[in-house]
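In the structure tokens that follow, a single protein chain appears in two forms: structure 1, then structure 2.
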Structure 1
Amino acid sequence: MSRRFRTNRQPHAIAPDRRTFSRRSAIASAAAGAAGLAGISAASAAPRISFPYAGRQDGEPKRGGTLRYGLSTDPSNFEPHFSTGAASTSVKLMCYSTLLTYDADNQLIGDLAEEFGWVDETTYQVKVREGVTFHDGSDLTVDDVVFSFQRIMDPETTATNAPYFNEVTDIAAGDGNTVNITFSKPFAAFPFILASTNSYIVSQAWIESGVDPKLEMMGTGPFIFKERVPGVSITLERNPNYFLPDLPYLDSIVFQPMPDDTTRMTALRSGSVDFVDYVPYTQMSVIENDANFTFLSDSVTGFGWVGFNHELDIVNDANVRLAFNHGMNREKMVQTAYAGYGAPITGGLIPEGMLGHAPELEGTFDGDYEQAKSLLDEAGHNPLDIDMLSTSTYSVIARPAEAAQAELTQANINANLEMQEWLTFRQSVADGTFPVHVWGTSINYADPDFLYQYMHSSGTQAQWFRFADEQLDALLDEGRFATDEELRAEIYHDVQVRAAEIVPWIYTIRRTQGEAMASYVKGYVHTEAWVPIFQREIWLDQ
């Protein structure tokens, strides 16, 4: 069922335009050693045709029609360089494009980039596709690309991805429609930043014309922004000049915000919409067992964690944190929290297929209550009464928090769970007011460098944890700047081993997340990278 992350060997040579290849196997042989992107599609039932047109797996696409899309959140705004949540991404990605994106096997491929790769250890080069036009008819130039990154780097913008550009020393247009990005140190995970849905390429002229990019969208994407009725709908129309031939198949998409889970699912089941994002776990079994609908999901990217404020007494003792880690039976938590729709994390956080995955760690933390109790004894805190914080706003976070609380009781840890509203909760975590908190999020890109933010002393979350460890700092720095893949695999493996010893934070369970659609909706592929790029390939079999 589940396709997996595959490693992405760095550095690339400039890769050939992968559009010319249709079969993944063809790419494997042609690009071997060059891009090295291909892997073995594990456990995938049907052989998948690679990018683009993965949607062709469902037969010959039909043109036309409107997709009625039930959206889990009304996007707060359209600002292209802020992360405004997964639901807004589904909208923004249809209007804007990124330089790189993912294929059906979660491999990086060019989108606006025709070729891409490292030309040396500290210079990344992207050859921008020619003949691409913005929705206003103007041509996409390398200057727009340069401008987009400068906008992200400008502290005034407070762009989500700005921290990843910290080591960038120069961005400049080169020969032959290329853009060169120069770093002070190597940054192996950078291509993933280019594929991030907060790295959209915008039109310099349009942004500088004084429009408010919160209110409108104008990019190079498959659909053109037509209108937004706040709280009611966002209408996109087909871009006839999209740079990929034939795409998109739909005439239009109407996004209809339906924040209430049941309302959204009712709308799908009663035929008021064709597609919904973010299926609540309470309805997964219902929708899975209904032949009129398709449910596409993964249980890899979303995960829950238990974090600590390392400056506070009791939890600054590694034995106590270790007791927490041993004191939770992950399998049982998956059952209690998500009725089985998830997967336990008993070793390292890096999933199978991603660089640095550590299979031998699996089973390390599996609800050994006696071990937990003896660790508490050692720390002199058996039994332990402690305050634990979580948020009630999102059940995907609240439920594992309750499951964790129930589990910890068995290990003599009586966690007094306090539920706060989302923004209050985030403030409390940032302020470090609670010794323990329970949160959940997703792996934000398919490179183990994502661990940096949690375990490197300068990472955002690590700073909330008030955590610093010299050894982990050194490892994570080395991993970020190393370019040899085997070396990196080893480094991130060591990171997880170290983390299992000193427990900077605890990852608990992965959650199932996915989209549901009526059976006549074809061409969509759910990616584990959670980049909904395949929305552009949707067609209606009616």
Structure 2
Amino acid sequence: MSRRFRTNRQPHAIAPDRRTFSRRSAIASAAAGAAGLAGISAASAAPRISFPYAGRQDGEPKRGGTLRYGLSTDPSNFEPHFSTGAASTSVKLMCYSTLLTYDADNQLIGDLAEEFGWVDETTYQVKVREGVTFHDGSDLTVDDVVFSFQRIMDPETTATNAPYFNEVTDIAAGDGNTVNITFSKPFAAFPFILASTNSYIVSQAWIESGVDPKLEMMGTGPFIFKERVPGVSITLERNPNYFLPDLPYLDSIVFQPMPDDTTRMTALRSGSVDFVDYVPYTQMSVIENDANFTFLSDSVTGFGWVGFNHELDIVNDANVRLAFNHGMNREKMVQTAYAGYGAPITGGLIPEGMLGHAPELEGTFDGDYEQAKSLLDEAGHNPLDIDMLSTSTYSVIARPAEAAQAELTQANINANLEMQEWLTFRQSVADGTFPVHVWGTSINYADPDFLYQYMHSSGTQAQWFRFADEQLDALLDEGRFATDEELRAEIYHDVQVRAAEIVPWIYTIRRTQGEAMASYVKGYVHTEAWVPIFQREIWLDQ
């Protein structure tokens, strides 16, 4: 197969051959052999879901100024290869870079990678930009790229993205500033992993010098870490040697942690900050209708879930989990939690427009209290008194948890809801100390393979759920490594059907999520879903 690189936007996927569901196993075998890369050779890296375009504000960018950012919480640490939440990601993203990223239309483009693409069925190659320097003045080399991925794969790092590298057999420097990543089998979704904010490229020399990357940051990003005053501020200054010409426009960014929604919004209105994230639902309509501010958001991929520790009694009974699923009216939850800024999820999780969407599942779980009670009767737990955990740090998680508690009461499920601060909550879920928890996140890349971490026994969240199902494992493995688009669509349809039957976890409602800023803040684009808040093109019209 000839070499296929992309230097900009990925093309549309090659139309697959028509194949029937009954031939799926045979197709998968053929795809792994003679069929080659018809489904993944660069084309499959194109996002398969579209969103309303949020265009950049008009005007000629001005240089200088400091962006005062009201941050939703104080980041726990800056470890580049482990996710500790959205707040830390927003900060790290300004100091580090990834090989790939997204443009304003949600298309994959190169960041540190000048060229990228599949060179054969199992080898992905990136050509690293030349002339890029780290913040300490040292040159970025292909060895740093190789080291970064080896660090992710090292079990001692406990990297968030480590499971995505399970099938990697070799990472090595090639000719002409290239890096070759070789797999044991094709992995269609891998380009999205390279754009993930847990796949930052770090300096090998800096990491090996003995620094603590949890306390410091040093990358190739648009801003340089200068100072952190815990609980008060994080200061970044413009990188004058950033590899993208003319960027960034700002002289500096000062992140000010403001976990309380009211405090954050009051700071924006009073002019104490210029930009805030996680606009609370009680303030969205007010901000939208105020000419002094700009509000940018989406309502597609942010979602809430109810998770279970399958090793604990009661919730290891599928009837109990089904009772939870039927015992919540999602329409009411959208109103209670988000004042209507959202949408119920009553079927599968994959949204319309993404490969594998299953419209016929809609309405499967639209709220049936009597059916929920009947399922509790079968399980021998009617009524059911049970402990449930969530976090008080993020209202986008806490409010749906409270709405779920109120709904479940109608189904004779009396959930004793305990709220913990963010890091304690995360650790409690990881430790499995509660039978039920309520969380929320966003689909983190534009391929149905995102379900792997939640439903495959080796996935991070599935391990926190203490969940494993051989049928789901087989389907998710098949979907990850199949090369035919139609085949993959059928596989992920079956994944959602199976999940509806055995309920490994429950998805509840999609949320509207967005950022607000003073009207003089220009150049920001809310790029939905898998792209965090990106400030390198922001400028101040002052």
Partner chain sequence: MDTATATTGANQTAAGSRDASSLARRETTRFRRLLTFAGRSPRIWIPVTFLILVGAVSIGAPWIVPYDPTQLLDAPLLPPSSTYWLGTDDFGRDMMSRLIYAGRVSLGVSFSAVTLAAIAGVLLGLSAGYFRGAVDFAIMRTTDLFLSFPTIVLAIAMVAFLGNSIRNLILVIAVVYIPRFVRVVYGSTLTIANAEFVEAARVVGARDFYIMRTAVLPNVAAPIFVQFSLSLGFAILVESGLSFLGLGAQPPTPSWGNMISAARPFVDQPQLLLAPSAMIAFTILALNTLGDGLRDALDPRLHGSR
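Between two forms, the rigid core is the largest collection of C-alphas that superpose within 1.5 Å. Start at 1 and count along the sequence of structure 1; that gives the residue numbers used here. Every value quoted in this text rests on a predicted model; they were computed, and no experiment measured them.
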task = Tell me which of the two, 1 or 2, is the form predicted on its own.
result = 2
remark   = Listed options Arg151, Asp366, Ala162, Ser299; the one at the hinge of the rigid motion between structure 1 and structure 2 is Ser299
ask   = Based on C-alpha superposition, what is the hinge rotation angle of the smaller rigid part between structure 1 and structure 2, rounded to whole degrees?
value = 19
note = Lys332: Cα shift between structure 1 and structure 2 after core superposition, Å, came to 3.8
